[in-house]
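Presented below, as structure tokens, is a lone chain in the form predicted on its own.
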Amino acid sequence: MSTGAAGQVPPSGRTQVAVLGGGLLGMTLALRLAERGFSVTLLDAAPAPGGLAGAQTIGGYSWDSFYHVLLLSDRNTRALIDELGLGSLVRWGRTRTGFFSDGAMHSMSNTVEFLRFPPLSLIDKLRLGGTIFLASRLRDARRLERELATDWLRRWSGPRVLERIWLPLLRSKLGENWRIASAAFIWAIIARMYAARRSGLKEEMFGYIEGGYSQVLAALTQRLQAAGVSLFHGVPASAIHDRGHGVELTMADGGTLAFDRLVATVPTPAFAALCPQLDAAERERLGAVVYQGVVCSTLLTRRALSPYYVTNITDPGIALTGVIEMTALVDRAHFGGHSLVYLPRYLAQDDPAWSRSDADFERDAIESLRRMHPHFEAADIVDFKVARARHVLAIPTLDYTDRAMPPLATSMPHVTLLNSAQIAQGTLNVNETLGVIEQRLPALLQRLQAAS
């Protein structure tokens, strides 16, 4: 698409709405708006749809660039999958969880294994279990925004459990940002994982989509095209201006596009950079959102590393923040009998690791996996890929809802912001992201219809 040549979007007699950002949130929102009679154009800077749900090719096989899993409780995601006619592609399985602690691997996949977990005393286990039970029973985590996660965990789990279990896990998820996360963050993690547990011995029940999320993106693209949505990828924008009667979108190639309304689904820093008309108060609030990024290495290996879908790492010195062995859930036949492993490393925005090369991350991965799994050899690696995403999770900091969470409305009457930073008490995943649309669509429709 050459916006300089295309010029203005031709009128259609319907309200013309631009959706800026082509991740699952932007794509699904575009469909919902088209279903309600708007003339919708979706524009995305990335060359392919899906954002964090996009696919990569590794070892000749296609699967998600970042790891995703489906829970039985993921009502929003499952509803979209069914709506797209993909319900028959969902597969469910029991998974196990491992902990690498004190130089050894331990299974903690059910109640019995939890009680046998060597690194903690019986009293520690009782306090840890009590903390998880308490968090799983809370339905409104708003008050947890007033307390730091570490303070809340120390109070309920005790200092030893905080140091041995919670703090390493917080560091693995947040890097140095663990210092500013509220207790609402850990509540969201516990609540989601608790929902994956079944009765009895509390086994984990996870699901996936045959072929990965590329199946959802392909079906959603077809549905958008059928609904008349105009789709453009690889078209970065450089500025958004509200002209009083509508919106002018300036593209990176210098061309301009005109719309009646615009809804941005891009990360908050990108939105602030695109909108020179935002007032000082808005910029201050948007600037209060602290994002966490991730560098996610993916390797295809000839042999499985372990029987665990997730291995949590609490040992210092391991240059990984966790191991996700996708083929502990997904049939290895999808990958020619090989094992697919994700090695996420969550980073703060100022972490120097952002400048490291793919080869650096591969060396770290090999060294760490050798320490964790003595049978692992570098020669087992069939392929290795690195995916980077700078703005993944808006961290629930203290008083996040009142102080930092971006509002739907902006001071630009024809411009609206709807993104994952508006997840109030939750953690970033596909289900929560789709939930933002469900929660905010009525107010968004009112705003789109009221702007003049």
Ligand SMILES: Cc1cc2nc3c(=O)[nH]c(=O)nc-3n(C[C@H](O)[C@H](O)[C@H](O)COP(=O)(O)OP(=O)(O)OC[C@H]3O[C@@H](n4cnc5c(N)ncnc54)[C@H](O)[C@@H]3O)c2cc1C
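Bear in mind that the values here come from a model prediction, so they are computed numbers and not experimental data. All residue numbers refer to positions in the sequence shown, first residue = 1.
The same protein has a further form, the form predicted together with the named molecule, not shown here; the description that follows concerns it.
- Only one of 136 to 144, 267 to 275, 332 to 340, 313 to 321 places residue heavy atoms within 4.5 angstroms of the named molecule in the predicted bound form, namely 267 to 275.
- Among 33, 52, 395, 417, the residue placing a heavy atom within 4.5 Å of the named molecule in the predicted bound form is 52.
- Checked against the named molecule in the predicted bound form, the residues 192, 164, 223, 241 give one hit for a heavy atom within 4.5 Å, which is 192.
- Across the proposed site, 80, 408 and 435 without exception lack any heavy atom within 4.5 Å of the named molecule in the predicted bound form.
- Residue contact with the named molecule in the predicted bound form: residue 307 places no heavy atom within 4.5 Å of it.
- Although the partner is absent from this view, residue 15 stays clear of the named molecule in the predicted bound form, with no non-hydrogen atom inside 4.5 angstroms.
- Taking the partner from elsewhere, residue 384 is found to have every heavy atom lying beyond 4.5 Å of the named molecule in the predicted bound form.
- Using a 4.5 Å cutoff between non-hydrogen atoms, residue 69 counts as a contact of the named molecule in the predicted bound form.
- Residues are counted as partner-facing when one of their heavy atoms sits within 4.5 Å of the named molecule in the predicted bound form; in 29 to 51 these are 43, 44, 45, 46, 50, 51, in sequence order.
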